[in-house]
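Okay, so here's just one chain, in structure tokens, the form predicted on its own.
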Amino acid sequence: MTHSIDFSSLGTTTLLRGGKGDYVRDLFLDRKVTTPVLLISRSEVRQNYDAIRAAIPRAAVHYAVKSNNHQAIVSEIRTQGGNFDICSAAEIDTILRTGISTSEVIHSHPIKSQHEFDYAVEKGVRIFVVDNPEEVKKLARYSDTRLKILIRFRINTNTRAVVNLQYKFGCTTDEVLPLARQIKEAGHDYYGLCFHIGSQCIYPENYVIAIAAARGLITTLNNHGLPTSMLDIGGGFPVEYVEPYPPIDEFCAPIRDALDAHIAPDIKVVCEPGRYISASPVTLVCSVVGKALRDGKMWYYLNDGLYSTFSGIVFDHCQYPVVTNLRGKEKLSVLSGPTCDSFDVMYDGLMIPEHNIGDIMVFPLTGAYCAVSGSDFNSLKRPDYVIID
């Protein structure tokens, strides 16, 4: 059983910091806004970018575009001096609108269709990731262009991230040296190593284990005439949704120490934050379009649901804070989406004051892996973005 957060108490939290709080206050007072709508704050993007840069000063930031590809976020990252981690032709097109040179962009997808690979090379991308011999074979067709190849490896950990990204990708540490040799034989550069512990990783020790493993691999590769130029430590830095986590500087302290202890200063380190940068700048505002008392619970039907912005509950295993502007006796409630599918239920067992049709509910931290994984099931209106600063 969970409870909503009263908007008046948010002054003691960071959920709606900056201009978002004032904007949402106006929405609660004037319900003429057409919902659902996603509020996006450029200043929050900047604040998150600066925070991760300060938390791991050695690591250059390559924003993971897949977490939220909205042009305002991507452009703000570029304005701040950041670079990008991309996975597809469409993401390349998105970052090209910022005017960036793609030569230092990282194409991090270990498995690329030939079309995607060709398009990336054509657009000037030069840093790619592989994790198996079949992918290395695809390098042969680029004999006129020398590419820089990172090898993605995986490690064993006692604890896993909320979304395990080592299940589908990554070679074993024993496979790294043979792959590096194959890359060299294919006429391209073994450029470095990368790993990705997973999304919403709440255990910094997993990064420490991976960095220590990278040190051993770097030594072995160097002994075989294959020097390492880059280490990509991936993303996964956690966001505080409803469970408390340490501030990012505290969370990253063991990672900073591990990099200093294990990775030589001449090796470039990069990180790929997605969620940490894109989650908090976006806030969902939606409305109650229907209500019913069923089996002792008050059911509220909202004009956004699991098939749209709340898709992050399904695919990303997230629960987002619920902010209301009503006080009074809390009742056992259910929040469901607008589609005709009974699967479309976001919260069951929520304690909130009784709402009426037309009332607004607000959901902070809905910027990462929400709109990008939603659909237009039932051909219902998906939220528009509104840039508030």
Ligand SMILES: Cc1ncc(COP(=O)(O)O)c(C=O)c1O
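Throughout, we count residues from 1 along the sequence that is shown. The structure presented is a predicted model; accordingly, all values stated were derived computationally and were not measured.
The form predicted in complex with the ligand is left out here; the points below concern that form.
J.: Using a 4.5 Å heavy atom cut-off, state whether residue 304 contacts the ligand in the predicted complex.
T.: No - in the predicted complex, heavy atoms of residue 304 and the ligand never come within 4.5 Å of each other.
J.: With heavy atoms only and a cut-off of 4.5 Å, decide whether residue 204 touches the ligand in the predicted complex.
T.: Judged by the heavy-atom cut-off of 4.5 Å, residue 204 is well away from the ligand in the predicted complex.
J.: Check whether residue 191 has any heavy atom within 4.5 Å of a heavy atom of the ligand in the predicted complex, and answer yes or no.
T.: The answer is no: residue 191 has no heavy atom within 4.5 Å of the ligand.
J.: With the cut-off set at 4.5 Å between non-hydrogen atoms, does residue 237 touch the ligand in the predicted complex?
T.: Taking the distances in the predicted complex, the answer for residue 237 is yes, it comes within 4.5 Å of the ligand.
J.: Select, from the options 131 to 139, 246 to 254, 296 to 304, 192 to 200, the stretch whose residues sit within 4.5 angstroms of the ligand in the predicted complex by heavy atom distance.
T.: Among the listed stretches, the partner-contacting one is 192 to 200.
J.: Only counting heavy atoms and a 4.5 Å limit, does any residue of 369 to 385 reach the ligand in the predicted complex, and if so which ones?
T.: Counting only heavy atoms within 4.5 Å of the ligand in the predicted complex, the single contacting residue of 369 to 385 is 369.
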